[in-house]
Structures are given as structure tokens and as C-alpha cells.
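The chain below stands alone and is given in C-alpha cells; this is the form predicted on its own.
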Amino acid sequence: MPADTRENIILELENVGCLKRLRIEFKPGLNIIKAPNASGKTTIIRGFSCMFSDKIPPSHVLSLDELNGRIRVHYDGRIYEKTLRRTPSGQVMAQGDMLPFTDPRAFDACVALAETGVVHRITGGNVVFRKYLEELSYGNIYSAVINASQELINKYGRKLAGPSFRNFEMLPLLLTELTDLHIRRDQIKQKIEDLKSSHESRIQEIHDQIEKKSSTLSREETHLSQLTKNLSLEKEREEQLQELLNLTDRSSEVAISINKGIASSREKQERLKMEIETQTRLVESLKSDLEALRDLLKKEEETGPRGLRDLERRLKNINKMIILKEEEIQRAERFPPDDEEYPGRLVVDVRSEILRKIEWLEKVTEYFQEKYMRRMTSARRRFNSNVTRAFRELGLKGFENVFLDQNFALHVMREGSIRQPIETLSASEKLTISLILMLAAKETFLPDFPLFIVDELTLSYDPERFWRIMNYIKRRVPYVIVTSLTSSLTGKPEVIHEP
């Protein structure tokens, strides 16, 4: 290990989290930060971590009620400083130096917080570590290339599934569809002609009915007029008989004959009145029927044939579809001149070109998939080797083997090769596995990183086992920093150093 990693590290915090101002020193070996709850232990870890990792947002570091803050680290004879500033919009900006051993992977491999990294995975029951090893081994670079190549393949695939290429392969179907549209148009035209002819026949039929009804009405009105005239004549006849009766002897035979005439006239008048009443109703009914026929004629002439507008709309749509289909057929063989990518080119040529590109990208994808698998397989093997060595050297009882399988799923084997699900482990056993996995990750991927930090994970765990692990880590890492809860009432964090 280089000598410069054995010098003391001084950390100064200003307006970070709950700490207004703090100066703390870490020496090579085990550094135990002791403080009561809510006194800034985790704040120290977060502030220090953001000097070598960008995983912690500046807004999680600067005090909520402050506009400015500062983190300063004295290391290897130099001062590294980062300033925090809150903008008027409330966003927190960070500017300044990072420590020389900064590594974006360090936070996940070397800082054990309850809510991050391996600890979070294990306590949350997540046993798949593929993404974790991808990031630590830089396998995600190969994965990114594979994803980018696959995205291009998908992009070209989507192009081949686009309208131009699809229409080219569907050209026979397009021609069939165009023929079908012409047939449908002719059928609609014929329906329109039939409908117009039917409507004209209907109009003529109403005209005929009106003419017939008018003739009947005229005849019946003449008959009514004659009845009315007959009634008037009969009334005059009655009046004349009445005058004649007045001139004769009431008891004479002439008077008797006149009375009979009067009675006959009155009887005839009653019959005429009844006939007139009946004839009047008939005339009124004929007039009503005639008026209804004229209204019907007017309505038929105004509205036109029923369903004609719908047929004309369908015909218009069919004509539009024919035009569009003809344009689609024209586009099927060649791209339009104003096409951004393939102006005026034959679709078949472009299709062959894209297929060649897809073939090349598939080779690129296959190449990097092989590189990815080799890197990830190597990373998994080295990781498993370091995990196995750590368990063996620690001599922890109860665990026969802990390893990642080919699918990067974590397996915990008890003595006798009995597999135990992660979620059934005790809190102490979960912490044990978490810390050893993180140490294995550090030694596998960041062997020269000088720090290993554990934030207050000793609560409710087996202290003897925990400190055995910490001492084991101390022998392998220059600086080990552990936070621990204390009942001290001073409220000020203090560091206890164990070389």
C-alpha cells in the first residue's frame, strides 16, 4: 500500500446537515465515531463521502436553513475543498475538488449505510447482484454498447416495418384493395341512381294521388252544392204550400192534401240535411287528405330521397380513399423526392441497405455480448473467491458457503449444504453477509481504495462478530471508519482511534 495512504486525514465541515462547524481527524487503522442519536454521525459520513463519490446529491448535504456550506479535507499535504451554494430557486450547487482516490464506484463498494448498497439489497431481500457487479466491473460499458446496438437494430427494424417498406411488400394487396374500392364506388353510384329513380316515382305517385283526390273533391263539392240547392228549393216549396194552406179551409180535402205535401216536404228536408251533413264531412275529409298529400309532396321535394346524403357522403369518402390508395401505390415502389433520408430512391434498394446494416450491428452485438459475458463471469468468479476467502479467514460458524450463481443470485449455504433464503436470516447474519460482500467487492474492483466506512450498523447485532469483522477489515484497508451510538450527553461526535 502506498505510504501516502498512511497519513492522517482531517475533515472539516461547515453547515453540513445538522453540523454548523466540525473538525475531525481520522488516523490509519480503525476510527470509531461515537455520538448520541441525532448528533451528526451520518452527516459526517455523507459529507466525507461526497468528496470521493458523486452518489450523494448536494441537496442531501447542505443544511436546510443555510445558503452556503463547505467541506474541506486535508490529505497528503494538500487541502481539498468543496463549496455548497443554494440558488434562489432552492437548488443546491456544489463546486470544488475531489480527493485523488475518487472513484464513482466507491460509494456502493466501500460505504455501508443502512439505505444504500449491498446492505439495502440484503435487508430488502433482493438477492440478484447482476447490476451491482456490472457497475463495479464496468461491465455496464459493454452493456451500454450492446443496448445501443440493439436500439439501432430496433430502430432499423422499425424502419423496415414503416409504411414505405410495408407498402412495397403489400403492393399486390394494395392493387386488390384499389380494385375493391372501384367496385364499391360503382355499387354506391348504382344505389344513388336507384334511390333517385325511386324518389321520382314516389313524387309522381303523390302527384297522381293529389290529382285524383282533387277530382274526387271537385265532384263531391258539386254534389254538396246540388244537395244544398235542393234543400233550398224544398224550403221554398214548403213556404208556398204554407201560404196556400192559409188561403183554404183547414177541414177541406184540399187543406188535408196540402198538409200532406207540407209533411212530405219537411221529411224530405230532413233527409237532405242529413245527406248535406254527411257530404260536408266527406268534403272536409277530402280537403284534409288533399292538404296532407300536398304537405307530403312539399316535404318529399325539400328533403329529397331518404339516405341519399349518406350514400353521397360514402361516395365522397370512397373517392378520397381511391385517391389515397393510388398515391399509396405510387409510394410503394419509390420514396418521394422530398424524403429526408431516401429522396426518390427505390424502396427495394434501401431495404437491402438497411438489412446489411442490421447484419453488421448484430455482429457488433454478438462481439460485445461475448466480451460482456467474459467480464461478468470473471468478475463473479473473483468476487466469489474473495467472499469465500473472507469467510474462511474469519472462521465464522454457521456458514458453509456464500456465493453468486451464474444468474448473479446470492445463495447462502448452511453447514451440511443446506440452502437458506436471505429473508429468513437474522439481522446479525444479514449484516455479516453485507459487510463481507462489500469487502469482497472492494478487494475485487477497488483494491487500492484506502477507505471502508460503516455507518451505525451495530445496533441489535452481535457485537463480538461485528468487531471481529471490523478488525479483519482493518488489516486489509488503511482507513476504517465506523460510527457508533453512545449515551454521552455532550452531543459532540468524538473519534476513538484503534491502530
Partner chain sequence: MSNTGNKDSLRQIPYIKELERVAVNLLRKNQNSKERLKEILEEYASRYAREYNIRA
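These numbers come from a predicted model, not from an experiment. By rigid core we mean the largest C-alpha set that fits within 1.5 Å across both forms. Positions refer to the first chain, counted from 1.
Keep in mind that the form predicted in complex with the partner chain is missing from the display, and what follows is about it.
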Taking any heavy atom pair closer than or equal to 4.5 Å as contact, tell me whether N140 reaches the partner chain in the predicted bound form.
yes
Given that the partner is absent here, does I79 sit within 4.5 Å of the partner chain in the predicted bound form, heavy atoms only?
no
Would you please decide whether E205 lies within 4.5 angstroms of the partner chain in the predicted bound form, comparing each non-hydrogen atom pair?
no
With the cut-off set at 4.5 Å between non-hydrogen atoms, does A148 touch the partner chain in the predicted bound form?
yes
Honest question, do L171, R184 and L324 all end up within 4.5 Å of the partner chain in the predicted bound form by heavy atom distance?
no
Exactly one stretch in 155-163, 277-285, 400-408, 176-184 has heavy atoms within 4.5 Å of the partner chain in the predicted bound form; which is it?
155-163
Exactly one residue in E333, E291, E366, E239 has a non-hydrogen atom within 4.5 Å of the partner chain in the predicted bound form; which is it?
E366
Contact assignment for the partner chain in the predicted bound form, among G304, P100, P343, P104, heavy atom within 4.5 Å
P104
Can you list, in sequence order, the residues from 341-367 that come within 4.5 Å of the partner chain in the predicted bound form, counting heavy atoms only?
E353, R356, K357, E359, W360, L361, K363, V364, E366, Y367
Taking the rigid core as the reference frame, tell me whether E341 has a CA displacement of 2 angstroms or more between the shown form and the other one.
yes
